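Heads up, the chain below is alone and in the form predicted alone; it's given as structure tokens.
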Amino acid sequence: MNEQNNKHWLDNPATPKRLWLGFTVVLALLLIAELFVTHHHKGFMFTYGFSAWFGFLVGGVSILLSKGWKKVLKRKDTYYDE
């Protein structure tokens, strides 16, 4: 076996683009499918596309919080060498 055959599928440079495309298609299909769902409850949680925008909002907030934590917890590269 050569090294090319042992390469993991996540190491392929085209994989992130394919994953983004796949997730975007799934999201679009779910938004289209939600047009055919009848919500029997009232409230903002049952509005059209709630799961999509709420997930996007929570993901964005998580990224911002992680950047803040990075500044608090980050150590120098030589921290364990000292």
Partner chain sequence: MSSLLLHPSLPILIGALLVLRLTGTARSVVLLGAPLISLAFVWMTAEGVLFSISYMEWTLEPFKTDKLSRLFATVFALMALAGNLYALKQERVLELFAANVYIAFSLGVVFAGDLITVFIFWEMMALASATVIFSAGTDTARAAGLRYLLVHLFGGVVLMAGIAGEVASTGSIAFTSMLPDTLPRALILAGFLLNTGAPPFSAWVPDSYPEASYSGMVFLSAFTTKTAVYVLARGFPGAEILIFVGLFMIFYGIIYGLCENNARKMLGYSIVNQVGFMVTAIGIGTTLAINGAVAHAFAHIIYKALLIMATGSVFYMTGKRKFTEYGGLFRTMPLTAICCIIGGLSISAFPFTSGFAAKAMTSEAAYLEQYYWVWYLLAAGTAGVFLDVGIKLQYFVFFGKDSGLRPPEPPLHMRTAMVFFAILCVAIGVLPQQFYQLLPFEQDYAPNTPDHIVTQFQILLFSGAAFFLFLKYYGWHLVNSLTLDFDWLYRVLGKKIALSLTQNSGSARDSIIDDLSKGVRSTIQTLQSRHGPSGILGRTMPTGRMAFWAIVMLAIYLLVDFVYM
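If you superpose the two forms and keep the largest set of C-alpha atoms that fall within 1.5 Å, you have the rigid core. Computed from a predicted structure; not experimentally measured. Positions refer to the first chain, counted from 1.
Only in words, not in the display: the form predicted together with its partner chain, which the text now covers.
Although the partner is absent here, Arg18 lies well away from its partner chain in the predicted bound form, with no heavy atom inside 4.5 Å. Looking at Ala14, you'd find every heavy atom of it more than 4.5 angstroms from its partner chain in the predicted bound form.
Heavy atoms closer than or equal to 4.5 Å to its partner chain in the predicted bound form belong, across 9-42, to the residues Leu10, Asp11, Trp20, Phe23, Val26, Leu27, Leu30, Leu31, Ala33, Glu34, Val37, Thr38, His39, His40, His41, Lys42, ordered by sequence position. Relative to the superposed rigid core, Thr15 undergoes a CA displacement of at least 2 Å between the shown form and the other one. Superposition of the core reveals a Cα shift of less than 2 Å for Val61 between the shown form and the other one.
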